[in-house]
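What follows is a single chain, given as structure tokens, in the form predicted alone.
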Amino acid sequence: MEKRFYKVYVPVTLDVDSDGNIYPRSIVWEDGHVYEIDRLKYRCRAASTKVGGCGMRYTVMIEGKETYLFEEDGRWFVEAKDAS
């Protein structure tokens, strides 16, 4: 069975250095749980092939798992797996 995904907009805590580079530090999930970003691995302009949208894609490590965090027009989202 194919996994389905949906777009979840999340609040993000981030740092910005003097050159304007953005470093996301944590996200707040729909239930209020705060997930710390352990490491920023990579960033590039890319599209989300699972839920649509295009912007800056940050490849991050959260709790030992690699995931994508997207920034699109000032809003942040992740590709969440549908539980059904």
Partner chain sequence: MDRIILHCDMNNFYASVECMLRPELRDKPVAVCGSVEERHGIVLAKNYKAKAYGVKTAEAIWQAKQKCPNLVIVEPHYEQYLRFSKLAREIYSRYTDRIEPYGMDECWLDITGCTRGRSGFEIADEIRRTVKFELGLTISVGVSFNKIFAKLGSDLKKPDAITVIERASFREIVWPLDASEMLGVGRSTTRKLLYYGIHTIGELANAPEELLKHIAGKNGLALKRYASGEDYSPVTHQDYVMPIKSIGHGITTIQDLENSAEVWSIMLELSQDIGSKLMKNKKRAGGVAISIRDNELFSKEWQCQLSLPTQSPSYIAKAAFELFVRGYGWARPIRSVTVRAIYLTDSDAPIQYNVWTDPEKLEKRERLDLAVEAIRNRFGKDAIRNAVLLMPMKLPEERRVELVMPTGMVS
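Residue numbers count along the first chain shown, from 1. What you see is a predicted model; the values in this text were computed from it and never measured.
Just so it is clear, the following notes concern the form predicted together with the partner chain, a form of the same protein that is not shown.
Enquirer: How about residue 34: is it within 4.5 Å of the partner chain in the predicted bound form, going by heavy atoms?
Expert: Close contact is absent here: in the predicted bound form, residue 34 is far from the partner chain, nothing within 4.5 Å, heavy atoms only.
Enquirer: Taking the partner chain as it sits in the predicted bound form, is residue 45 near enough to touch it, meaning that at least one heavy atom pair lies within 4.5 angstroms?
Expert: Although the partner chain is absent here, residue 45 would touch it in the predicted bound form, with heavy atoms inside 4.5 Å.
Enquirer: Might residue 54 be said to contact the partner chain in the predicted bound form, defining contact as any heavy atom within 4.5 Å?
Expert: Heavy-atom contact with the partner chain at 4.5 Å: present for residue 54.
Enquirer: Might residue 73 be said to contact the partner chain in the predicted bound form, defining contact as any heavy atom within 4.5 Å?
Expert: Residue 73 belongs to the contact set for the partner chain.
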